[in-house]
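First, one chain by itself in structure tokens, the form predicted alone.
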């Protein structure tokens, strides 16, 4: 199957996956049960910035971790817990299992996938790589374990730029997958020779440059923060382009009273926690009268909930497994990234 055929296949985007609103008593009861289950099972909760605020707060309250995908990967390896509960999407759970094959890794919903992962199937991607053996294969973390196993490097948005810059300085040409917008941003920034797999995130791909320009006109004092999975017409208007961690840092450190934020709106929970006096405005996902599929919310991240988390721990369901051979191959480019972060960036 050709790349064009892969990308023309419709993605099944979940609808109406938000859990029914819980009463305060129900929320407190679920959180109390989860705390007890985490303790009794020597389990730790690792949540992404894009998940529901209740999950992020619970992770922090129980000594877990709320982070971007790079720090989530690091944290799972450092933790002494026997069980890792990953609140995010499937590739995050797979990465945790690859790095910690001896640990049990659970997720509240195994159906929580990612459009970038879905748009980069293993066989088609491997065939594509075989056509360009002279290229160094660099894949974004938002991919399956099998695609990672085919790569030379795995990167997250917080470290992709310095790694590609390093490879470019070594004279290497890059085969990049799967996000075309992030790849294009990195190619323009570094000048690297990059061959791009043409995937896109259903959330970030919806941000609209013309509508953003209109919104900036209404809020001239606002700083524009953009995740690099967004289209070029949005990135070119940004005051800060960066990973979720970088955008959160910008809200805290920049003097602007108002911020227009182009990324998944789950990030607002942490931004409001760390910078309660700042005004946050979601970047527009459509022009006047238009519609969008995601509207600033990842439908798969929304599949994580307190009810599902409690059930996962109580019943021991939702376990992530990775084929051992795939895991052994995939850990090499992941650890290459982590080692680069430690040696070259000192973090």
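Residue numbers count along the first chain shown, from 1. The structure displayed is predicted, hence computed values, not measured ones.
Keep in mind that the form predicted in complex with 1,3-dihydroxyacetonephosphate (13P) is missing from the display, and what follows is about it.
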Go through 95 to 103, 166 to 174, 222 to 230, 122 to 130 and give me the stretch that gets within 4.5 Å of 1,3-dihydroxyacetonephosphate (13P) in the predicted complex, heavy atoms only. 222 to 230
Against 1,3-dihydroxyacetonephosphate (13P) in the predicted complex, would residue 148 count as a contact residue? Criterion: heavy atoms within 4.5 Å. no
Is residue 243 close enough to 1,3-dihydroxyacetonephosphate (13P) in the predicted complex to count, meaning some heavy atom within 4.5 Å? yes
Hey, in the predicted complex, is residue 312 touching 1,3-dihydroxyacetonephosphate (13P), heavy atoms inside 4.5 Å? no
Is residue 285 one of the residues lying within 4.5 Å of 1,3-dihydroxyacetonephosphate (13P) in the predicted complex, judged by heavy atom distances? no
Name the single residue among 140, 185, 197, 259 that comes within 4.5 Å of 1,3-dihydroxyacetonephosphate (13P) in the predicted complex, judging by heavy atoms. 140
